[in-house]
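As a starting point, one isolated chain is supplied in structure tokens, in the form predicted on its own.
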Amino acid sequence: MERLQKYIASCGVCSRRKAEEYIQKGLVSVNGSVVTEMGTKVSEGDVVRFRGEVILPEERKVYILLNKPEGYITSVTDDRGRKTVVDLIKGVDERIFPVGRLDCNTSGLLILTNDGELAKRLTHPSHNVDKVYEALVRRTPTPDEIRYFENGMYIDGRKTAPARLEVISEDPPKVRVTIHEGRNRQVRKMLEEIDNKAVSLKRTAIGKINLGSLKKGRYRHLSPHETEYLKNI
């Protein structure tokens, strides 16, 4: 049970103090009866109306950063019984979903949320949100192949937007790839286009949000600063 004024505030109608004024003015009813008492409490299932309209609590927005391990699919459920990224998140009652996708054999940064508007912003290519990957590859790319990435290449019959390909190390051969699209298996296919292969692939950043030292399979809630940054992209 919770106090009526707190419930009204949780519905996004107004502040608790303003809710007390509305209660005193007889603008609030519970289960069909007008309530003017300040100590009134409501329980789950009670029908609360403000100015005759039913009001309901706003859904709490959740923003989670997961270091996805290999072997998990980027989905909420799977009809084939495979492990999904949502299976890794515990203690969250809200119905969250992954933003974008990482293929089953790719690890790294994945955001899960129940904020559909934010998900739309992050996945739409017009917003030019950088997605950074690190890959252990079969061989070190040549300067011409690096330029090919920068100019865009054709995969699946469509040209990619310009991307960045940087050599991190030559022994073992390791590269960093930056794209802002989200096509299926895009980084792997781009490497295959230059006759190379990602032996392992990990996403390390989306925009200014970095994976940092978060261990594989672990997750954390985004900070208010990080959430605000993503909303303002």
Ligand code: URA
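Numbering starts at 1 and runs along the sequence shown. Treat the numbers as computed from the prediction; the structure is a model and nothing was measured.
One more form of this protein exists, namely the form predicted in complex with the named molecule; it is left out here, but the text below deals with it.
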Looking at 156, 150, 94, 103, which is the one with a non-hydrogen atom within 4.5 Å of the named molecule in the model of the complex? 103
Of 174, 49, 188, 180, which residue is found within 4.5 angstroms of the named molecule in the model of the complex when only non-hydrogen atoms are counted? 188
Mark residue 28 yes when one of its heavy atoms lies within 4.5 Å of a heavy atom of the named molecule in the model of the complex, and no otherwise. no
is_contact(residue 133, the named molecule) in the model of the complex, heavy atom dist at most 4.5 Å: yes
Please determine whether residue 64 contacts the named molecule in the model of the complex, using a 4.5 Å cut-off between heavy atoms. no
Partner proximity in the model of the complex: residue 165 to the named molecule, non-hydrogen atom cutoff 4.5 Å: no
Among 41 to 49, 180 to 188, 166 to 174, 204 to 212, the stretch whose residues bring a heavy atom within 4.5 Å of the named molecule in the model of the complex is 180 to 188
